[in-house]
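As structure tokens, one chain now follows by itself in the form predicted alone.
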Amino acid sequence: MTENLPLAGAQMLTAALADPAGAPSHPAIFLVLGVVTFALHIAAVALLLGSTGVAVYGGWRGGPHWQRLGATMAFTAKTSMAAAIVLGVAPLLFVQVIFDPFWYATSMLSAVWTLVFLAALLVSYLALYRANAVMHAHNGQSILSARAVFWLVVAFVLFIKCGALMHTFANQALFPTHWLEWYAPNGQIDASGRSLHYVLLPRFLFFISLALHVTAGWIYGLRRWVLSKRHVHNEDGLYSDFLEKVAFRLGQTGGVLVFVLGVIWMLMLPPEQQWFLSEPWPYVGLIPLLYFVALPYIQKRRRLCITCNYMGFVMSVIMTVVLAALREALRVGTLFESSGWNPFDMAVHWDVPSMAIFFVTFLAVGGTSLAYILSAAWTAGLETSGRAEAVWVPSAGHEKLGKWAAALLGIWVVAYFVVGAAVMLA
């Protein structure tokens, strides 16, 4: 077996791969933004996995309530994937600024699989759209047919595959002392990029299990919305009770799984990450884990509280931000232990115009577009859920928001080429 790359060698390699341009602003800004945007991304991914799984189960289980919920969650999954992709761009950009040598190396070590990831993502997105397209009407209700369930299963399997690949890429980037061993096993160079080298199963399952809890929070909000509209849609209350039971079971199971898997992950940390257990970070992590366990019981006691029902999902996202911060602390500390890499030692060359362009793009263009997509999906998905004959008519406010989103995106595209041409001709 090839010897691992010594720490000094890892330091030289990562220093050689580092971008001499450094960072356009203080690295702390990118670290904080990376944590927040990753948390939003992983929350969208968790809702995507959970809603797809619930839709599959609802179509398989049958019955009017499960079929109705399944149809709604199939629609939710389609929107969640759009949000997950949009929200996944920002944290990847921050990774490339701060951790570019490590991300570049892991991408080259498993280059074929990075392309497989993109292909699987594309096919899974198409499968979701196909599932929604083949849902058919029966007695005025949207029904998840066998074909729709098949496409949902295809999408779900590919989502898990994509998650496993991204988990592997992220883990491989953390251990530069092993890169030589992976690139040249037994002294023979393997530049094919066809290998995957590092999987920590408890870590992967921990993030996957978040899907149960986040989806439970979403369904609690769905229940409250159904209750508020029961007089408009002639609801008998049985469906809202059904939603409460489903959310409770998901939250109960998800809370236990997240807690247990989080503890197992910490107990199985590799030697390069054992330092983490002597820090306060794991104990801070108990706060979101205990909240996840308690959520279904809090909701049960506060079932008539309108704000509490909606806050279940919001608090799940906030607790995900806490977990994302702990994950970032683990990554930064591991890279310092394995290669001496300290992001705060990066050269800083302030580039105010590029930072201004980023924030305007992220907040104005991205924020407006996401606000339109998510708000439209929420109202459209719920107002037409389970009722095939229903047609969603956007409000005047939604139409105005959509026009602003389209206009800002158009302005950004034009400005992109204008600025690029100005720089090239300067």
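Residue positions are given as counts along the sequence shown, with the first one as 1. Since the structure is predicted, the reported quantities are computational estimates derived from the model, not experimental observations.
If you look for the form predicted in complex with ligand HEM, you will not find it shown, but the lines that follow are about it.
TODO: Name the stretch, out of 56-64, 368-376, 23-31, 40-48, where some heavy atom lies within 4.5 Å of ligand HEM in the predicted bound form.
DONE: Stretch with heavy atoms near the partner: 40-48.
Open item on the list: Whether I298 contacts ligand HEM in the predicted bound form should be assessed with a 4.5 Å heavy atom distance threshold; does it?
Closed with: No, I298 is distant from the partner.
Open item on the list: I'd like to know if K78 sits close to ligand HEM in the predicted bound form, meaning any non-hydrogen atom pair within 4.5 angstroms.
Closed with: So K78 does not count as contacting ligand HEM.
Open item on the list: How about V89 - does it come within 4.5 Å of ligand HEM in the predicted bound form, if we only consider non-hydrogen atoms?
Closed with: Within the cut-off, so yes.
Task: Contact flag, A329 vs ligand HEM in the predicted bound form, heavy atom cut 4.5 Å - done: No, A329 sits far enough from ligand HEM in the predicted bound form that none of its heavy atoms falls within 4.5 Å.
- [ ] Would you kindly say which of G221, P288, G262, G163 lies with a heavy atom within 4.5 Å of ligand HEM in the predicted bound form?
- [x] If I apply the 4.5 Å criterion carefully, the residue I get is G163.
Task: Position in contact with ligand HEM when the complex is considered in the predicted bound form, options F292, F175, W151, F159, heavy atoms within 4.5 Å - done: If I apply the 4.5 Å criterion carefully, the residue I get is F159.
Task: F362, L408 and V418 each touching ligand HEM in the predicted bound form (heavy atom, 4.5 Å) - done: No, none of F362, L408 and V418 comes within 4.5 Å of ligand HEM in the predicted bound form.
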